[in-house]
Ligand SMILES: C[S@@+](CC[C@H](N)C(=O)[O-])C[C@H]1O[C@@H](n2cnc3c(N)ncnc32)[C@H](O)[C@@H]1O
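Single chain ahead, written as structure tokens, the form predicted on its own.
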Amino acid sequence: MGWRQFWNRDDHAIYVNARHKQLHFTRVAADLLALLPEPPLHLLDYGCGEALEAPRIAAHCGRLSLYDAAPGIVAGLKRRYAGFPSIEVLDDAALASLVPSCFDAILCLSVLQYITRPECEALLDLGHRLLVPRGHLILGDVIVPGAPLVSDIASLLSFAWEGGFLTAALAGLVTTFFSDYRRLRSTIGLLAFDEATMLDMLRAHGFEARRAARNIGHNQARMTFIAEKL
């Protein structure tokens, strides 16, 4: 089993409870809206997951496209947002059929760590093709090489204390220790980049980029990059 198959399962243990999941998406939406160009704009959320705050983001942007590689997640998104004209959900076929320069901004949050380096390079080329000139590519939650697992744990517990789900978070850590997530992280690993490497790679793929002052989401041991298509 690989990462794509893991995320397509209904029982993956990333969020310890419903409150954790909702607070995660609420924080992500607030952080993202602070980084986006001025609306109106057409945003692609690539690797969007369950996208619980999609209506809030769409209301700010004007148009929002959601894509995820897991078919089960795509099916759920299509059901959830069927009545939202400003939100469209893309599957693999719809993504492949997009015309060049159709988005003003693209978000990739918590995506790079779950793909290979060649897939990452291909994703940057895709982003460059789909963005308008001077369009923005936002890469969030990029893992730093050698980052210890304890930093992720500390970040989660701090977020849990702040959000009022500390007991559930502690129980969730025990569950995660015996989960497929930990096994995959140990065997397949997570793709990581240092700041200089990421900036060089973005430049090589036609972007002018900088590291944001803060990462999107609660884990400030990770990085967010804002890249502009040249």
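From 1 onward, residues are counted along the sequence shown. Since we're looking at a predicted model, the values are computed, not measured.
The same protein also exists as the form predicted together with the ligand; that form is not shown, yet it is the one meant from here on.
Please tell me whether any heavy atom belonging to Phe165 falls inside 4.5 Å of a heavy atom of the ligand, as the geometry stands in the model of the complex. Contact check for Phe165: no, nothing within 4.5 Å of the ligand in the model of the complex.
Decide whether Cys48 counts as a contact residue for the ligand in the model of the complex under a heavy atom distance cut-off of 4.5 Å. Cys48: yes, in contact with the ligand in the model of the complex.
Using heavy atoms and a 4.5 Å limit, would one call Ser110 a contact residue for the ligand in the model of the complex? Answer yes; at least one heavy atom of Ser110 falls within 4.5 Å of the ligand in the model of the complex.
Hey, in the model of the complex, is Ile14 touching the ligand, heavy atoms inside 4.5 Å? Ile14: contacts the ligand in the model of the complex.
Please pick, from Ala69, Leu35, Leu41, Ala192, the one residue with any non-hydrogen atom lying within 4.5 angstroms of the ligand in the model of the complex. Filtering the options by heavy-atom distance leaves Ala69.
Let me know the one among Ile143, Ile115, Leu98, Leu156 whose heavy atoms come within 4.5 Å of the ligand in the model of the complex, would you? Looking at the other structure, the residue within range turns out to be Ile115.
Exactly one stretch in 102-110, 144-152, 79-87, 130-138 has heavy atoms within 4.5 Å of the ligand in the model of the complex; which is it? Heavy-atom contact with the partner occurs in 102-110.
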